[in-house]
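To begin, one chain is listed below as structure tokens, in the form predicted alone.
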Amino acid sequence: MLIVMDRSATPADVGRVVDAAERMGLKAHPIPGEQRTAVGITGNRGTVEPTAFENLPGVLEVIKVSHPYKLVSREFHPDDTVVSIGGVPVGGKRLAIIAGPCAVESLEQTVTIAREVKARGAHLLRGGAYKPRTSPYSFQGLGEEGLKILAAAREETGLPVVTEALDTSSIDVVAKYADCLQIGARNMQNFELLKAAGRIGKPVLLKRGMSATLEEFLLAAEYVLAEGNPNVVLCERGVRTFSDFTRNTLDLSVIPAVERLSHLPILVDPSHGTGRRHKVAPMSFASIAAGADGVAIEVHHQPELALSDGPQALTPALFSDLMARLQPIAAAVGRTL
């Protein structure tokens, strides 16, 4: 349920609501807003009625939340959430551009690409130190050495780092170096990993599973928020369909659906979503036109030599062209770069 406080409610009034919820064995999540504060209550299995809170001082209204996901819903949090990743806002008027290689291969490769994308307007650096691959014989990443390289690239360019945490055994070491923990498509329903990411508290970029429904996607985010971490960014990266002309089917219709149901920002990854270099720019433009809060683009200065996903990586020159052509589209939908 959602407890809406009166505009004149004091912090002490909010505290009484939180204390009452905790005495009932529930979790209370204060949600400050521009006009008033609300308190989201989770853990109610139907045994606690709204009357338990209605007569507390400062309470204006108690609303039952109909969705199975609570904390990610607009019923709980009507205002858009803006997540800060290393000082870079994701959500709001300014679009967030994440760019970098699919995999960290060497210090020279990563720093070179980081410099290139920074010079062309990227705000955040992507790169995988731990790589979940379909084939056991494919490049699996450099592990902690790759994380150290990403940290060096951040030191060189000032770009905050977004990188994947693959499992609960490595999440602590990833969090030591990363500004944002990515939960990949294959791990969207790895519930122990989601809970661990929530407890660590760093921003989380949650990718949609390749066969996940919208409800499953939002419930995965709920796992992170339920652990006390509100800083989740959703990411559409394509779903599996019968199409044979693209690696995945990039489901851009999920963007307005998410924005109607949830306050969380949503990005699009057109690189993994299409798997083809020539499709990345058109789908980036379509993503922003559809209302996405930004895009995540794979860039490699020598894609023909890349150890992972070279066919979908843009060269720095192509990334520069994409950024230039994105400007008028962003302006047309009231956004900036």
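Keep in mind that this is a model prediction, so the values were computed, not measured. Throughout, we count residues from 1 along the sequence that is shown.
One more form of this protein should be noted, the form predicted in complex with a small molecule, which is absent from this view; the next part is about it.
Student: Within 4.5 Å of the small molecule in the model of the complex, do 182, 186 and 237 each have at least one heavy atom?
Tutor: Every residue of the candidate spot has a heavy atom within 4.5 Å of the small molecule in the model of the complex.
Student: Of these, 131, 118, 263, 154, which has a heavy atom no more than 4.5 Å from the small molecule in the model of the complex?
Tutor: Contact with the small molecule in the model of the complex is made by 131 alone.
Student: Would you classify residue 269 as touching the small molecule in the model of the complex, given a 4.5 Å non-hydrogen atom cut-off?
Tutor: Taking the distances in the model of the complex, the answer for residue 269 is yes, it comes within 4.5 Å of the small molecule.
Student: Residue-level question: is residue 207 within 4.5 Å of the small molecule in the model of the complex, judged on heavy atoms?
Tutor: Result yes; residue 207 sits at the interface with the small molecule in the model of the complex.
Student: Flag residue 164 as yes or no: does it have a non-hydrogen atom within 4.5 angstroms of any non-hydrogen atom of the small molecule in the model of the complex?
Tutor: Although the small molecule is absent here, residue 164 would touch it in the model of the complex, with heavy atoms inside 4.5 Å.
Student: When the small molecule is placed as it is in the model of the complex, which of 23-31, 269-277, 48-56, 286-294 ends up with heavy atoms within 4.5 Å of it?
Tutor: In the other structure, the partner sits against 269-277.
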